[in-house]
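One chain is shown next in structure tokens, namely the form predicted on its own.
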């Protein structure tokens, strides 16, 4: 069987990593990856359910594909990821043209599921617990480039009142270090130069394993010894799981980048308590100060939600002020979106109106832009190590692009042979989202 599969991936890096694994598994079932949905025999949308907008986008895409299926009835359509895990058979009621619904725990069952769908069945496969399989037994068709995703932990134990992750990804599950190390060796053997370790709370890695030696610091030290690997990153960190040992490890290891993504979600203590976040504004600032004291050139980024149920104007202003006080180089932002199963979704009497949420989000986004520019301007005049990731032709000249150790995007005139190598760039110009400079 020679067929094409197209996957539209929505959401976080974990979803992107899942799609790479799905491509690899499907390659064993006779499917080849294609970049145009019009060429596909199998269409899959890998979904995110963090916000309603993401779920709506997934269903809109499925609707378009189901319309196409009326003219091409042999096409198979599937939905996976967090929306699939939560909505289950309801997908079929909304869109009869969908052939397969499979959840976040069912990826390694795909060969059997695809066979059932190919035989004409309509299949919904949603497990409450992960399908037991050795991930190393399955191929992974990674995206081309310099960086590779490597999941080390999945799920979450924190149950923040706004977040659907524990309900659709399950409780925290850490992979064994020897399995992670073996996958990392394969990544390096394929020519990737940078590995990003993934987890919803990546710094709590190992807490569910009955062995005190299994933690993120020791894992980083093991990965650091791999020949051919130039850089290591990790996302996303939960604030109070960032230990002094982890900070010291990042400082000591040359290959581990000075970059922490630490979602705060709100700058106000009362809102943080209502969100069931396990820290205060003062504790978050203390963590940032510890990191900056150890590594002055570190970059710290964050996530924020505006318009959480009951949030007052004064509480929102605490979120605005924390950007400067914590020195956050960049932040992802969103207005609150109620998610089914979460406690906050039941607090309808405290919901903030859409107009107010939109206004607050606009103010926060402008603050993030302003500080991002300020942060980038501090780099002007410095010589920084850049891992080159790509190149393109601009005005007859080759411009290479890459990132600093602190995760800032840099453009400089160079040549294609630099891709996958580290070059020194003197920063000459800063804008809101990137830096420009000259290779020295």
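Bear in mind the structure is a predicted one, so any value in this text is a computation, not a measurement. Residue numbers count along the first chain shown, from 1.
Only in words, not in the display: the form predicted in complex with ligand SAH, which the text now covers.
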(request) Could you check which residue among 151, 263, 327, 177 gets a heavy atom within 4.5 Å of ligand SAH in the predicted complex? (result) 263
(request) Using heavy atoms only and a 4.5 Å cut-off, determine which of 34, 50, 409, 66 is in contact with ligand SAH in the predicted complex. (result) 50
(request) Indicate whether residue 299 is a 4.5 Å heavy atom neighbour of ligand SAH in the predicted complex. (result) no
(request) Would you check, heavy atoms only and a 4.5 Å threshold, whether residue 351 touches ligand SAH in the predicted complex? (result) no
(request) May I ask you to check whether residue 205 falls inside a 4.5 Å heavy atom distance of ligand SAH in the predicted complex? (result) no
(request) Mark residue 108 yes when one of its heavy atoms lies within 4.5 Å of a heavy atom of ligand SAH in the predicted complex, and no otherwise. (result) no
(request) Tell me the stretch among 314-322, 88-96, 336-344, 127-135 that has any heavy atom within 4.5 angstroms of ligand SAH in the predicted complex. (result) 336-344
(message) Just to make sure I understand: among 226-258, which residues lie within 4.5 Å of ligand SAH in the predicted complex, judging by heavy atoms?
(response) 236, 238
